[in-house]
Structure formats: C-alpha cells, structure tokens
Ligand code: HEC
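Below, in structure tokens: the form predicted on its own, a single chain.
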C-alpha cells in the first residue's frame, strides 16, 4: 500500500472511531445511574487522573505549622458541621444518603494517610470533579483550609470521646443526630456560634476566632449579613450564616452584644510603637488612629478590637492588604490603611491591641 493509501486508511479508521463514539453518546446506551458502578476502566482512569492531578496542582504549596494553638479544634468544628455527614466521624457513621453516592465518600481516617498536608489543602480548597466533593465556599480564603487539614492529620489517632471534645459537642449527646447531608441537628444558630466563639462569646476555640462578647449589635448584624451574601468571604462563616434570616441575625447579634465584657484601659504606652499607631496613627502616611473607630466609645458600626487576639488582627490586616477581605464600603476604608502599614507595624499594633484585651479573650491554646 502506498503512503497515500496508508493516510487514507488511517483517516478512515479515525473517522469511523469518532462516528462510533458519537453514536454511543447519542444513543444513551451508557447507564449514568448512580446505582450502577462505573466500568472498571472508567474507575481506573478517573482515579489515576485524580491522584496525578492533585499531586501536580499542589506543587508549590507550603504548609504552615499545623500545631498552632486552637487550629485542630477549629478544624474539628468545621469538619463536624460540613464534612462528617458524608465522610463520617469517630462514633458517628456517615449519612445513608452519602452511602448512595457514586463514588461513596470514603472514611477520612484511613484516607488522609495517602496525602501530604499540601495535597489535602488543595483538595479541601478546590474539591474534586466526578466525586461530589465540593470546593471551599470562599475560594480565595486558602488560609482557612489549614484548620481542616490540621484536624484531618489528627483524625486517624482520635476516638469518639476525643472527637466530641475537639468538635465542641456535649460529652453525652441528649439528642439524636440527623443522618442527612448538611448541618447537624444540634447546630441551632446560637449553639453553632458557641462551638467556635464560646458560650460567653469571650473564650473562643483559639486565637484565629474573634471574641464576640460586648461587640456592638450593629457591627455583629452587619458582619453576619456580609458573610451570608458573600460580601465578606469566609468558607467557614458563609456556611454558618447563609441560612439565617433577618430575625435570627438580630437575635444572635443582641445575644452576644449583651454578654458582659470588661472594658480595658486605653492609656497610651509611649514606649510601644504599636501604641502610637493605635492612639495617634501615622498622619504623614495617611494612617489614622485605630482606636478612633475601634474603641468601646466609637461608632457602633465597627468592632472593638481590644478583645481580639494578635494572631487574628494580623491575619485580618493581611487579608485587607491582599484585597481578600471583601468589597463592601467598609473594605474601601480599611484596604488602603492596611496597605500603608508594613508587616512590622501591623504586628506591632496587633500585639498592642491584644494586650488591651480582657483576660481570657484570646481563646484556648490546646489543639
């Protein structure tokens, strides 16, 4: 056969293959029902593609320290509210509905051993096609997923009692937990808030979570509303706030605002550069005094920063600086201020404001 004949024969075979594939797709013969397993070759292709994709796309990710105070506890609460229904947890089987998914979501205790922290962070942030695994609600908040990763790394070593402790659940459950997908039955709005922010709103699960006790009602209601509509992105808080109606938002804001919160001294410390920024600002660089807006006597639209940890405050300044914190009118105020502070100044003013906090406000230190 001549070279031309070989080309014609090859093109004919390719055309025939494409036509057969098109006929197969058009005919509907392939059963897409979730009650029928994939063909073995389909399962192999999807699993191999998934593993190599995760490993390739997680290159360049660097995990932060996963033993930071409160990180595991924060991740445990989020896992219990958003992940356990599909994947199960120690002492809690997965939902029967999850068992009917294809593929069935795996128990994550054994599964996490297959992945590095960096790979887990990519999976939690991005989700996975063809598995039902959703992406993080706020895709630009990659900083939030490390709490879940820290918990997942601990998961294979914990029993049911330790799981309940870390997730902020009662030692002995007095209610039957719903087996469905979504928020568990004990996650009534106030109960859900308390699991991270503490019963009084002052003693939180860790320094990444702000205390809410004594914050202005107007600020708390605004923050919840901004989380709910995505104006203020957070994969944790958008999930918690999305289902709240206006009446529930008002009740939560009033409940936490009414909690007792001591008023720390706002006396300047002339030896501390962070004190200067908090009390005087840096006028020559367009940086106003923090406490003009963020003290107990200031505008109720703004939070009182004296109850917040240095870790939380530094992170928020970084989010403002990187244009991740949100697109509200209040973001337009804070974004340029955060960008005018260098990292050392941000750390200094955060540390000073943290020292003004009432005792116990920073949150638990145990992971």
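The structure presented is a predicted model; accordingly, all values stated were derived computationally and were not measured. Positions refer to the first chain, counted from 1.
Here the subject shifts to the form predicted in complex with the ligand, a form of this protein not shown in this document.
Original post:
Would 124, 196 and 290 all count as contacting the ligand in the predicted complex, using a 4.5 Å heavy atom cut-off?
Top reply: Yes: 124, 196 and 290 each sit within 4.5 Å of the ligand in the predicted complex.
Proximity of residue 234 to the ligand in the predicted complex, heavy atoms at 4.5 Å: Flag for residue 234 set to yes.
Original post:
Does the ligand come within 4.5 Å of any heavy atom of residue 61 in the predicted complex?
Top reply: Flag for residue 61 set to no.
Quiz item: Would residue 78 sit within 4.5 Å of the ligand in the predicted complex, counting heavy atoms only?
Solution: Residue 78 belongs to the contact set for the ligand.
* Using a 4.5 Å heavy atom cut-off, state whether residue 87 contacts the ligand in the predicted complex. => Yes, residue 87 is a contact residue.
query: in the predicted complex, which of the listed residues (208, 94, 72, 169) lies with a heavy atom within 4.5 Å of the ligand?
result: Checked against the cut-off, the match is 208.
What is the one choice in 202, 257, 138, 82 with a heavy atom within 4.5 Å of the ligand in the predicted complex? That would be 82.
Any residue of 329-348 with a heavy atom within 4.5 Å of the ligand in the predicted complex counts; write them all down in order. Result: 330, 331, 333, 334, 337, 341.
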